[in-house]
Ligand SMILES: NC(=O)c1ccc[n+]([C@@H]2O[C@H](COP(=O)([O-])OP(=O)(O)OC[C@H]3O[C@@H](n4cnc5c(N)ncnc54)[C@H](OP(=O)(O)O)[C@@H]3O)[C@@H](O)[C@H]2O)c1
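Form predicted on its own, single chain, as structure tokens, below.
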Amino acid sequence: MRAPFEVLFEAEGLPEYALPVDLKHLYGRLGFPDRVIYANFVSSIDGVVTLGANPSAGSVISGKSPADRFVMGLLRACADAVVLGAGTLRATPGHLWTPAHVYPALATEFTALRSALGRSAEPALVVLTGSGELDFSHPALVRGAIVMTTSPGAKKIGSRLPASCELVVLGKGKSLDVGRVVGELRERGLDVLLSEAGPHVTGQLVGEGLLDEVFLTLSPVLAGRGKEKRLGMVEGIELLPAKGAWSRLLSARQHGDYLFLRYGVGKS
């Protein structure tokens, strides 16, 4: 990808990092507050972000757009940690949640950005699982991750996690409290958090008022819905008509037929 994004709109006063020249040339300005949680999704025109049992739904919906993959890499490069649920891990076999994995052509620039920001060489990977149902041979776990679970989940996991992983037990119930998860990560100094979790974890973050921003790639495709369950970006919580989380447009970019939107998430 050589052509830069066309900036259609950018709100004033947004934080700005000193991006390496190649990253700035392609994307323009980007930065985050010192403490933030932002999510990244790709959606079809008709609002589909998952494809049922189909693995790697994001790649299918985006058509493996180089521009979308670049943005994924850039957002990972900015983060202290990437957070995802066990469902996302299962649906994406072979994936590594690093900037270079998704856009290797600019691996050096991503590393330079992280160094300039005082970040570790790669973002920490945080995997959330209430049940403890994991593919322990997944390469992302083999490389190392912080696995957060409950007491029942920890019992199911036992000693099967790779030695490179750390197991953190939060709570005795069947489901994780995302507020406790975020609190634990903050105590570890992981303040800039990218969520690549699915719609249900996103719903929990929205419900707890924890999600600050969302980056949404609008792919020029109609996905449709039939017998197979296909989800939107936020699941497990109803906002409208009682109290919709009205949000503020922070930026809009275009690359070919794709739109790249950034919103400051309103608190419901």
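Keep in mind that what you see is a predicted model, and the values were worked out from it rather than measured. All residue numbers are counted from 1 along the displayed sequence.
The same protein also exists as the form predicted in complex with the named molecule; that form is not shown, yet it is the one meant from here on.
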Just to be sure I understand the contacts: of Ser115, Ser151, Ser131, Thr108, which is the one whose heavy atoms reach within 4.5 angstroms of the named molecule in the model of the complex? Ser131
The unique member of Arg225, His200, Arg29, Arg35 whose heavy atoms fall within 4.5 Å of the named molecule in the model of the complex: His200
Does any part of Thr98 reach within 4.5 Å of the named molecule in the model of the complex? Heavy atoms only, please. no
Using heavy atoms and a 4.5 Å limit, would one call Phe70 a contact residue for the named molecule in the model of the complex? no
Report yes if any heavy atom of Ala57 sits within 4.5 Å of a heavy atom of the named molecule in the model of the complex; otherwise report no. yes
If you check in the model of the complex, is Glu196 within 4.5 Å of the named molecule, heavy atoms only? yes
Among 116 to 124, 89 to 97, 186 to 194, 137 to 145, which stretch has residues with heavy atoms no more than 4.5 Å from the named molecule in the model of the complex? 89 to 97
Within 164 to 192, the residues that have a heavy atom no more than 4.5 Å from the named molecule in the model of the complex: Ser175, Leu176, Val178
